[in-house]
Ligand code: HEC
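Here you get one chain, nothing else, as structure tokens; it is the form predicted on its own.
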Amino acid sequence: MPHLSELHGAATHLAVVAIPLYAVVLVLRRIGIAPWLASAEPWVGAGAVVGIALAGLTGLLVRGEAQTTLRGGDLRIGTIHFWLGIVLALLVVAVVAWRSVRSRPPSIGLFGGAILALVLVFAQGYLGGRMTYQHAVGVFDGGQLSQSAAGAAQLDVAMSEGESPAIAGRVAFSSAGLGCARCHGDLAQGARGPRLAGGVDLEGFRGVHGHGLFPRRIVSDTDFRAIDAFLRTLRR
């Protein structure tokens, strides 16, 4: 069953598409291009209203998750995102309602409102992206990151108990550890990912996975060196 954060993402994409499209329609009608858009405008406007309504409702459902995920001052990102959504919803509804009773080409003021709505969509989308990609708001159960954290913890325990780096790194490299073998093969021979047998430098590892599956806060440089010790036991 979809998680609430997934429903919010789906609804948000409808609004992100419909609102800019509605702004484009108003611009074209303002400058007199494509008269046939007069019949399409109400439908595009309705799509924008439905999109912003669904995004708002599902956003309220996941707002509690944002409040418990964002730490300290980072909660301001969620607060600004929330109030921008309120302003955007009111603006979109006002523009569409006004256009429903005014069939002639949009006035300068109404045109400006559409452009403002477009700016708010980008601003709110940027803040939503920061919450998701930097603070993991809406990342239900962590997905593959949860395996990365569990594998790194397992590796740290093995190292603290005196296990050799190569042996601990072999377990961490496996599908049951950090899961590296799923892309690079059980013996790092290469599969969907490149061949790693013989070793890989830290800069190359961080360049590919430093902000993805294995960020520095989850997989430390010490963890990497243990994995690399295992890779160096394999024939290049």
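No experiment lies behind these values; they were computed from the predicted model shown. Note that residue numbering follows the sequence shown and begins at 1.
We do not show the form predicted together with the ligand, though everything after this point is about it.
Subject >> One residue of L57, C183, A34, V27 in contact with the ligand, assessed in the model of the complex (non-hydrogen atom, 4.5 angstroms) >> reply: Checking each option against the ligand in the model of the complex, the one that comes within 4.5 Å is C183.
Subject >> Listed residue (A48, A168, A66, L196) with a non-hydrogen atom within 4.5 angstroms of the ligand in the model of the complex >> reply: Flagged contact: L196.
Original post:
Has each of V92, W98 and F111 got a heavy atom lying within 4.5 angstroms of the ligand in the model of the complex?
Top reply: Checked in the model of the complex: no contact with the ligand for any of the three.
Original post:
Is there a heavy atom of L213 lying 4.5 Å or less from a heavy atom of the ligand in the model of the complex?
Top reply: Yes - in the model of the complex, heavy atoms of L213 and the ligand come within 4.5 Å of each other.
Original post:
Any chance V44 has a heavy atom within 4.5 Å of the ligand in the model of the complex?
Top reply: Taking the distances in the model of the complex, the answer for V44 is no, it never comes within 4.5 Å of the ligand.
Subject >> Close approach of V208 to the ligand in the model of the complex, 4.5 Å, heavy atom >> reply: Answer yes; at least one heavy atom of V208 falls within 4.5 Å of the ligand in the model of the complex.
Original post:
Using heavy atoms and a 4.5 Å limit, would one call L70 a contact residue for the ligand in the model of the complex?
Top reply: Result no; L70 lies far from the ligand in the model of the complex.
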